[in-house]
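Okay, here we've got a single chain as structure tokens, the form predicted on its own, with questions on binding and movement later.
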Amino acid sequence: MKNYIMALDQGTTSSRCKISVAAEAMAKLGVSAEDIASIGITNQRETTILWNKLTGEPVYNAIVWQCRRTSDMIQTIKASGLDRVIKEHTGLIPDAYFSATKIKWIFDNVEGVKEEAEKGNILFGTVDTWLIWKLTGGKVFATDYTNASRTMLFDIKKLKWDEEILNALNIPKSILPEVKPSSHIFGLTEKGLLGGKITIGGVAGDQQAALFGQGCYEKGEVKNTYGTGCFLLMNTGNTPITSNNGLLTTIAASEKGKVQYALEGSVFVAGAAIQWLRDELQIIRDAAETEEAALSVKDTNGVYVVPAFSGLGAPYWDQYARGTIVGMTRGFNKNHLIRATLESIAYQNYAVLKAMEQDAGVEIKRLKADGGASSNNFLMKFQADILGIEVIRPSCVETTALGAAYLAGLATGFWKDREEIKSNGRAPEIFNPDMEEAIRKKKLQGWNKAVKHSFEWEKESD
């Protein structure tokens, strides 16, 4: 009897296997391939891998989603007017964040790759596609709608690769994978890898997987994942909503014949700011210390941190912004800095959520939170206070892996339907706001002033 669903969660800073190191996890639990009904894959999105399909070897190091090397290329795209086509067709705002210009950069800078691509020997994939290709021994070259929708090359309304954008960027269609629903039988793993052939039944980009894992199946439901970055998504149902406030329109994880859309706001630096405190400044030993440090002071002593280390995402979209600390006085100490860094995560999310409310024309009453940094009680309480709404944290904050497992289980009949999945959850923890409105307003005014000081720092002067 198949009693398990395996979830492979390939993130920016780690790979995890929930039941990566799939064979090790199976061995540790004494689980064999015969026990596993299917595998769900979830992954960091936009990260770009090109490889030679004859040798199976990458032609260059993966270019991670955070990389800004193609910022100048984006400026050229905007100057050409292609940005309007990109937004209309893909739902995205042109940015170095997405896969398209990363592909073009490799073509332009790695000798011989463009020529091999024109011969049909080069394949492109986001991390999910690479994993599927490797797990199936090169038999399956595919992705799902959610990952395709993050490449800046996919028409999210027609559900196909966009010929106009491909031609404009001189990217051959032959390098692109086949696109499938998120809950779908993609193929079988090679027998020798995991001790037997296992069905790959679910694939979704990490943020869409988390939306599904949080049970946000209905229009208007919102979740925020506090990971390396923060990613706030709202399910908008069967209709894509075009943002007028710097948000992205994307495809939500869904089953066959049930394509749903989402509005998304991306905060590039969230948990990464805590890593900065630990690794570069070395003022904490691990992330868990930040909660106690933040509570050891009554406030930030008037200081704001804007962690724009790789530019600013929604709703600002300033790729030339850089990290800024403002308001320091002689009484400022490391605990104030730690608190201000945690608060910066909540402020960035406030800006995204308010933009989302305007685009969708709804008032958001609650926010579902997940991801590693959501375990920080100070951050969750401050987030509730600064938003003025309740923040709900599930008993299992690893909802990204959970979403991938749910998608895989639905595809293989492990779970009957979404209602059965909903019945699996345990009671969440709820953080309620109690900050005085005048204080909240003053803090937000300070943040808005601070963030303006980070704008266009890296932009060349005229």
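Throughout, we count residues from 1 along the sequence that is shown. From a predicted model like this one, the values you see are computed outputs, not experimental measurements. Rigid core (definition): largest C-alpha set, two forms, superposition within 1.5 Å.
There is another form of the same protein, the form predicted in complex with a small molecule; it is not shown, and what comes next is about it.
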item	value
Stretch from 270 to 278, 75 to 83, 322 to 330, 141 to 149 whose residues place a heavy atom within 4.5 Å of the small molecule in the predicted complex	270 to 278
Non-hydrogen atom contact S243 with the small molecule in the predicted complex at 4.5 angstroms	no
A287, heavy atom within 4.5 angstroms of the small molecule in the predicted complex	yes
Any non-hydrogen atom of G372 within 4.5 angstroms of the small molecule in the predicted complex	yes
Exercise: I122 in contact with the small molecule in the predicted complex, heavy atom 4.5 Å	no
All of L312, Q348 and S454 within 4.5 Å of the small molecule in the predicted complex, heavy atom check	no
The single option of T90, T341, S99, T228 touching the small molecule in the predicted complex, heavy atom within 4.5 Å	T228
Position in contact with the small molecule when the complex is considered in the predicted complex, options T199, N301, S71, N376, heavy atoms within 4.5 Å	N376
Yes/no, F186 Cα shift of 2 Å or more between the shown form and the other one with rigid core fixed	no
CA of F268, rigid core aligned, shift of 2 Å or more between the shown form and the other one	yes
Is_shifted Y226 between the shown form and the other one (CA, 2 Å cut-off, rigid core)	yes
